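Two forms of the same protein chain are encoded below as structure tokens; each is given separately, as structure 1 and structure 2.
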Structure 1
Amino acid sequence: MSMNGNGTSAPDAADGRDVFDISIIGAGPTGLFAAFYAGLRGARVQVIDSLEEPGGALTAIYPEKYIYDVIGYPKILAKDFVAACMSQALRSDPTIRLKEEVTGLARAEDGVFVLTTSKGERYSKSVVICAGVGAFEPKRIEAPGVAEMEGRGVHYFAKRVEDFRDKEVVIVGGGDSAVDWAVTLEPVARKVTLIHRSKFRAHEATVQELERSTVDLHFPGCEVLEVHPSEEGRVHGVTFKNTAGEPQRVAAQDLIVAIGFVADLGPLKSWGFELQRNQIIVDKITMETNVPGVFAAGDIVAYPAKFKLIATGAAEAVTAVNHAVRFYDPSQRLDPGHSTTIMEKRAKEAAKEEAARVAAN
């Protein structure tokens, strides 16, 4: 998928390169908001993402799960939130390149960044990295029967709520994903059983909702011992160690394993960034990395007192974009004002241009 934005092209006059003002790596919510805001700043933008759909983890892992911590929505399905983010981003007419992985980043002698991708080379005056946690693989459990029935009732990526209607579902985990799925499926499934080894790590309000629900809770010290197949080779039951340390079996047609993911920055690790575990260290004032002209926002960044929230990523995107604009054009103001002011100014300029065109004819 590729959509041309802010005009069809702006090739460099010297050698015909198509040089964008800002290249955004990652089309999750933070990357999409960065694209929208960069458009407000008048930047010519391209967004590059290795996934086949925008939305990052929200689309890839839990499109039909409710999220609760974004401004303006008491709760909203992840897929609906992504659609709203995409609609907002497209108002600025960026070029969006999906199913395209950025494998290398270098800076040419003239200062233009060269992004090597799976589809060639892309060029940019600045870069904003919004790659979330990077590539992610689910943590797996090793109990007998789990691997054999993956895709036949064992899920690490559960996407559609309707897939679990009127079924007996066992969920493993105690983080946001596990607790959110339990709360979401309670009114849909015939029965939901949640198994967890420790205390819950999810948002407190969601945990309280879980405790008020009819979900059958087994924690702490509980873990899956075996998954039993039906005659057709699908999940038929789950045996787990209960709070007394004894084996207990429950009927189940589906097992959702939501115990987290292993993140990997992949090629980004070799681009010269200062790293802290799987995050890029940035200046918390400017969101700039230790590579001049390369900024970052969202879950991929690290700085003191960092919070991993969608709302935080949006604020970081604004900071990163504003400083990126100043990087490639120091004559620009750092703070352009409120969005209404920017749009009113554009409307007045468009009206003047239209009046001049009419007068010339």
Structure 2
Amino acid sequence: MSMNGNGTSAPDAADGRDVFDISIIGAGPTGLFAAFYAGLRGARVQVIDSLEEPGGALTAIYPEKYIYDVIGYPKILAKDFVAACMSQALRSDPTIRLKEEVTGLARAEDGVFVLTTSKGERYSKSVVICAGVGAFEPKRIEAPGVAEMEGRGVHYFAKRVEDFRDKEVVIVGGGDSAVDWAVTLEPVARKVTLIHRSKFRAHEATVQELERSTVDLHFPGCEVLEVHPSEEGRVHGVTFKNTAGEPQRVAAQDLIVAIGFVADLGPLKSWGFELQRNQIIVDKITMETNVPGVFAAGDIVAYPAKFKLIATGAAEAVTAVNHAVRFYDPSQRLDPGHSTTIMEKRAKEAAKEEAARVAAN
């Protein structure tokens, strides 16, 4: 997915490159807050994440857990917090590129950063790395038909409940995500079948809800053997190994695989950063890495007495972005002041422009 933001400064189109002011690697809570804050500073921003959904660890590891220590929320579900972060980030109209991994980072002769990604090249005047523990990828299953039908009925991220209305759905997994989807879809789908290799690891209350539901449960020792296509090449049926060890086929139009994620710091290790146990060493004052113009924030950074928390990541994002702005435009102030004042000023300017436009017509 790519959501195109308008940004505030024009792209450097002289040689056809679309050069952003700040590129943020990672759309976890730190990257999303960095995107919002960069927009507050008037920067033209792009955010790139390997995952299909924003939220980083909160989406990949604990969407159904409550968080108690983020400012302003006495208690909030991780997935709801991600939605709030996303809506705050979108105020700044960033370009958000999901399902895109950054594999390389280099600097061109004219000083522009070139980010090589799984989808091509992206250009930027500065970079803020908010990459957590590395690029998240869903764990995939290998069985005939699965890879061929990814996006054609095979999902590693289920999004809208309505997409499954009146469908026959097979879900694979036994953690929070799989069990939550099973109980959520049960009243909507025509039939839900849940297949799992071992015992359920989801919250006890959700597992009890699952056991009371009409979801067709197959565990332990059950796994997908083959996905069968329809004439149009979409999922039409699933054969799995049942508890008796026998192949069993069910009709299905959708297969949701929710067996977790793996994180890979891989490519980032070769970008020339000083590393300390898989974290990038930064200057604690500026959040700059040893590569000038490249800043970092959140779980990826290392400095003395670093806390790996959402709150500290947000504070580091502010520092990183303010210094990134000064990097590509030294005429700008390091400290822009308060959001209250910045937004009031913007609202007044917009009202003035609107009044002038109306007067001119």
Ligand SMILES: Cc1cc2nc3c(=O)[nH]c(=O)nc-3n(C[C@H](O)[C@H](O)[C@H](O)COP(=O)(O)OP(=O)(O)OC[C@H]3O[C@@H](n4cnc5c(N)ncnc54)[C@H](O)[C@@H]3O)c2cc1C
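Basically, rigid core = biggest C-alpha set you can superpose within 1.5 Å across the two forms. Counting starts at 1 with the first residue of structure 1 and goes up one by one along its sequence. Keep in mind the model is a prediction, meaning the values are calculated, not measured.
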Is the form predicted in complex with the named molecule shown as structure 1 or as structure 2?
2
Thinking of the change between structures 1 and 2 as two rigid parts moving, are residue 281 and residue 111 grouped together?
yes
The rotation of the smaller rigid part relative to the larger between structures 1 and 2, from C-alpha superposition and in whole degrees, comes to 53
After superposing on the rigid core, how much does the Cα of residue 179 shift between structures 1 and 2, in Å?
18.5
Residue 264: Cα shift between structures 1 and 2 after core superposition, Å, came to 4.3
